[in-house]
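Presented as structure tokens, the chain that follows is alone, the form predicted on its own.
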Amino acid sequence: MAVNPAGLLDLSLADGVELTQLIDEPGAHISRRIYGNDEIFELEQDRIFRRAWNFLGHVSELPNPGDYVTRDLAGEPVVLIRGDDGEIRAFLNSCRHRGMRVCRADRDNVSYMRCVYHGWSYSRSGDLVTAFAEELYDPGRLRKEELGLIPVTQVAIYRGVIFGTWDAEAPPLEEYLGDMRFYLDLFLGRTDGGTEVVGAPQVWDVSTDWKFCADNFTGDNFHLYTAHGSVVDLGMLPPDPMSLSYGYLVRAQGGHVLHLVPGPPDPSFEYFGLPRDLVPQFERNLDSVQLGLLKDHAWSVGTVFPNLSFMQVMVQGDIGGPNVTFLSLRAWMPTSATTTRVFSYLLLDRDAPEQFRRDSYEAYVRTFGPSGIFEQDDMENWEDCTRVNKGKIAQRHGLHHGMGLHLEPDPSFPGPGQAWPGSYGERTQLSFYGEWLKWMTHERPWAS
């Protein structure tokens, strides 16, 4: 990447338009050109996904030595495996002989990793153990100690969630997350045993630019009563379209954003609707401010920049049934300028009662699984937005992101970051796009 003395990368696209013309965070302007554009996609891969910390998985997916899962990191196939020493490592999933994928299943348990092409075999710590017909190599030609699997440059774990980056200069994960750690602890660090993934992630492909998915999960609460109008008609959301407009939009740090929404004055909506049996554990694991926020809110949706989203929401799994909460992680993996692979995880507190675990699972599958009633609406909207915004006439006109800009941050909000009153607004979307522009234009965006 070419860098000028001011620490800025090359700002010009092929037609001479500068990246800085595409996003105006203070002016609430977003250019349609950032969506579905092949040149933008390649720059994103290079400047965002190969440099930022990306979600890879959860430690509960790899409970035993030899357990592995295969994922992508910035478009490159990777394998996460737990070694004999208990450590989780991540490698480029590519044999050092011809480049073939070594681990070809989504998940498995193996004694060693063996390439099916020519039989090169690697230990569970990534070392090359054997190659085919080793006796046919000249002495010193096959240096096995130099031919292990290529490791992901940095791998780190926060509250059970595994992240990786290809950039050796990226700051440590906890520094990268910054104040977002305070909020992630509300969902991932509130109980003694932490969280675990239930089953395998659900994976599906959507014909959309990944940014529409992340945008929707930056705290876009106000689309519920239009995009999901059928859910309202079925009585699965409150009939008043302003009923979910309360709470806060929060910019934690570095493009990491979320919203916090209180429930009605009913004790069942406290603590995000989690089982009361867990409250003593909340009190042990959270500080007083975190505990207060946990108690006072029922819904939260947010995004860890660039493409890891989460939601802790109370929904009706059945028409007329009780509201049940669930926690889901979403990774939006761009596969082209117009296609995204979605990884959706259901997480549960390990110490949650069994009946709650079953109810939470059913509510998640019926509402936000790939065939869920909410998910179908969202995917149709994202796909249409991607198609329409590619139009040359459409791209002459920008997109408006001006809701709630007259509001000032609430100085009485107890958590870190900036918090604007109300959960209907576009401050968090603008924060996301502002961070996107920073990574697309700066040599060291984390230091800008």
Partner chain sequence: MSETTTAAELLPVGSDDYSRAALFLYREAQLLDDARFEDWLETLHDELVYEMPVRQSVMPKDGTGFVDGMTFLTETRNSLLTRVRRLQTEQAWAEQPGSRTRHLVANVLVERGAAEGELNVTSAFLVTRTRADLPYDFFSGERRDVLARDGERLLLKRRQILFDQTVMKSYNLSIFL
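Numbering follows the first chain given and starts at 1. What you are looking at is a predicted structure, and each value in this text was computed from that prediction instead of being measured.
Keep in mind the form predicted together with the partner chain is missing from the figure; the text below concerns it.
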- Among A74, L128, A352, V365, just one has a heavy atom within 4.5 Å of the partner chain in the model of the complex, namely V365
- Query: Within 4.5 Å of the partner chain in the model of the complex, heavy atoms considered, which of D106, D167, D240, D192?
  - Reply: D106
- G273 near the partner chain in the model of the complex, any heavy atom under 4.5 Å? no
- Message: in the model of the complex, does Q202 come within 4.5 Å of the partner chain, counting heavy atoms only?
- Response: yes
- the partner chain contact at V301 in the model of the complex, heavy atom, 4.5 Å: no
- Within a 4.5 Å heavy atom cut-off, is I373 in contact with the partner chain in the model of the complex? yes
- Query: If we take heavy atoms and a 4.5 Å cut-off, which stretch out of 184-192, 98-106, 140-148, 246-254 is in contact with the partner chain in the model of the complex?
  - Reply: 98-106
- Query: What are the residues of 376-392, in order along the chain, with a heavy atom within 4.5 Å of the partner chain in the model of the complex?
  - Reply: Q376, D377, M379, E380, E383, R387
